Structure formats: structure tokens, C-alpha cells
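Just the one chain here, the form predicted on its own, laid out as C-alpha cells.
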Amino acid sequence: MEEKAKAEEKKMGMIEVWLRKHRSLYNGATRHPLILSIRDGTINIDCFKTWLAQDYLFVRAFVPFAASLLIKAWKESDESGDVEVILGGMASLEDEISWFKREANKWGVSVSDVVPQRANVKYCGLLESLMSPEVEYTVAITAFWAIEAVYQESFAHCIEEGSKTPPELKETCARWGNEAFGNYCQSLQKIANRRLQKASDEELKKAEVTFLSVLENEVEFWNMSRGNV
């Protein structure tokens, strides 16, 4: 009976199963008070500046993680298209780092002086741990999807109809909340689901734990930006 249930879950898509199972934590990451304060126009701009500076450092740490994932895809993937999808995401990271520098300059934030806060160090540590050759491609792609999806869902919420996002923050929100980025996240989700469908029970457990770790780190990162550490 248990084996039949597992087979049904895999058929449905493990990510969909986990999103139902861990909905509260997922909502905590994608509907965090910081995001809601952007959406309703009440955000303290100092919180935004903190997020901007810290996320600049995080994105720089995200680059080698993405590179390691590309290598895993090349070595382990059963579909050649995976490499192109991941490579497309990597290609946008150079532009993203340049955007962070321009945005920081606009807000008077000196990125060269930014010191990573504890939550950022912890999250970057998770990325580094996922770069290990011992970490399976299935686990790493699940984490990669989750990191991108949280931002997409969070910032898309800020540009939905009825939002009161301040005009000066709309470009930031549109950067991750736009439809093209949403489609990219859907492509990553399909890859992750395909890999999870074929994964062993041990791999599934590792991937689920990693998914939860990403969500917990996202919440702590948002908390840090609000000064709640």
C-alpha cells in the first residue's frame, strides 16, 4: 500500500506533493511580511537597502553554485535540454550582478563595504554544501528551482493588480516577478519533477530536506532584511 502511495505521489509530481505538505512554510517564504510591506506600500526603505546589499553578496555566491549544477547536469542528466535551461539562467546572472551594482549606487549603498550578516553566511553555506560532487544532481536541481521560485512568487505578488508597490521599487519586483522569469521557473520545476520521479527513496528524502532548508533560509534572509535576526 505504501509503495502504491509513493508511486502515485511521483506520478502527480513530488514538488506539487511537497508544496501541499509544506504549504505553511512555503507561504512563509513567499508571503513574508517584508514582501507584503512592499506590496501594500508600507515598507521601510532601510529594510529594502539591507536586502539589496545582502542579496548582492548572495547572488555572487549563487554563481558558483549554478556553475556546479551545470556540471552535474552535463554529467548526470538524462535529457540534454537541462543544460540549456540552466545555462540560460546562468547567462542572466552577469546582468543581475550589474543591476545590483547600479541599484545600490542609486540608493547610496556601497556594495564594496557590505559585510554578510549571519543569515546570509548561513544561506551561502548551504549553497557551498550543494556544490559538493557527492550531492546528486536531483537534489541540487530541486534546491536551484526552489531558490528561484521563491523570488518569482514573492515579487510577482508585488506587481499583481491591486498592489500598492512604491513606484521606485516596481523595477525590482518586475525583475523577478515577470512572466518570462515565471516560465523559466516552470522549466526548472519540470526538470526537478522528472528527476524526482526516477529518484531512489534516499534521494527523495535528501531532496525534500534540502527543499525545506531553502525555505527556512529564505525566511531567515527576509527576517534579516527587516532587522529581525
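All figures in this text were calculated on a predicted structure; none of them were measured in a lab. Don't overthink the numbering: it's just position in the shown sequence, from 1.
The following text describes the form predicted in complex with a small molecule, which does not appear among the structures shown.
- Exactly one of the stretches 103-111, 68-76, 129-137, 143-151 approaches the small molecule in the predicted bound form with heavy atoms within 4.5 Å, and it is 143-151.
- Proximity of L36 to the small molecule in the predicted bound form falls outside the 4.5 Å heavy atom cutoff.
- In the predicted bound form, none of the heavy atoms of A174 sits within 4.5 Å of a heavy atom of the small molecule.
- Under a 4.5 angstroms non-hydrogen atom cutoff, the small molecule in the predicted bound form has F221 among its neighbouring residues.
- Taking the partner from elsewhere, F62 is found to have a heavy atom lying within 4.5 Å of the small molecule in the predicted bound form.
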